[in-house]
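First, one chain by itself: the form predicted on its own, in structure tokens.
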């Protein structure tokens, strides 16, 4: 199987650049979510974009519920992409679950990465006795039931809440389109894996310099998660940007770019 085909890999930017930026998208989106951010760095860096298996029609034929039952399987796919392209010492920029799978990949093969930038990422979405993840189990059970009952109706209600920015409805409409590009049963399987995951113990093993970028208003990832990650990751810095919604790399790309630039040069 071709890894490039399986993950719809695209290599852009400056081909002979000394550093490579690898962008990992989150649930309900694909590599196009990074378009504006990636373009800002294409003049100086090699850019690698890819789709997670199951994100759209191109990658869904490669989805297997037995394989993709843990986030580690998606981390392994990142490593497959890096190996296929013979890339080392890359800088991974990941949104939400894309950030967490990138972290798992870096823990597994630390020499393949130099830095990580995690945008609105979370090691656990479910509240615990001493941890505020943003969701209780009953809320997630209802979410899964809605996805199973009427996936497209669920997407139409979920996307505007998660994207926010009600004054720019085209953003939510675009998010609805990318979510709806997922096959409903695959989307449900992936959502269960993401929302029921718990990688709080794993993030303590991530030694790489890591920039945590979090928006000021995110329904899916509360501020407490960002502070938790900064406190439990050995080499992490948390910065907040004035951005509404869970997808600031789409809704506030300029602010995400401004937060990334100095970290890349540090």
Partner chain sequence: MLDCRILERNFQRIATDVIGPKRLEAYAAEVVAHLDADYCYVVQERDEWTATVLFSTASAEPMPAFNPVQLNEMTGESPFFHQQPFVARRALKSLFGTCKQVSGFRLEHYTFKGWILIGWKEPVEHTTFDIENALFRFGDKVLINYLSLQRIALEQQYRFLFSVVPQAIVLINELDDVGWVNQAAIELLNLEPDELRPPAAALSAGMLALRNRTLNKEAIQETAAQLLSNPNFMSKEWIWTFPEQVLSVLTRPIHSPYFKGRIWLFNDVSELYTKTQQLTEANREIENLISVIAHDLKSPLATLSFIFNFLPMHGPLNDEQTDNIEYGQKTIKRGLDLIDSIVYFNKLISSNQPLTMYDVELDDLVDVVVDGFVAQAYQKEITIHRQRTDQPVLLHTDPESLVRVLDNLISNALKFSPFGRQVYVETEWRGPELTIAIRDEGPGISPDDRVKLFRRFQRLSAQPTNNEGSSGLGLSIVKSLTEKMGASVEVDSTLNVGTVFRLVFPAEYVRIGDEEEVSNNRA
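Positions refer to the first chain, counted from 1. Because the structure is predicted, anything quoted here is derived from the model rather than measured.
The same protein also has a form predicted in complex with the partner chain, omitted here; what follows describes it.
Engineer: Based on heavy atom distances of at most 4.5 Å to the partner chain in the predicted complex, which listed stretch, 178 to 186, 93 to 101, 73 to 81, 126 to 134, is the contact stretch?
Structural biologist: Partner-contacting stretch among the options: 73 to 81.
Engineer: From the list 165, 146, 114, 108, which entry has a heavy atom within 4.5 Å of the partner chain in the predicted complex?
Structural biologist: If I apply the 4.5 Å criterion carefully, the residue I get is 108.
Engineer: Between the options 64, 216, 207, 35, which residue brings a heavy atom to within 4.5 Å of the partner chain in the predicted complex?
Structural biologist: Here the answer is residue option 64.
Engineer: Please run the contact check for residue 266 against the partner chain in the predicted complex: heavy atoms, 4.5 angstroms, yes or no?
Structural biologist: Contact with the partner chain, no.
Engineer: Taking any heavy atom pair closer than or equal to 4.5 Å as contact, tell me whether residue 3 reaches the partner chain in the predicted complex.
Structural biologist: Yes.
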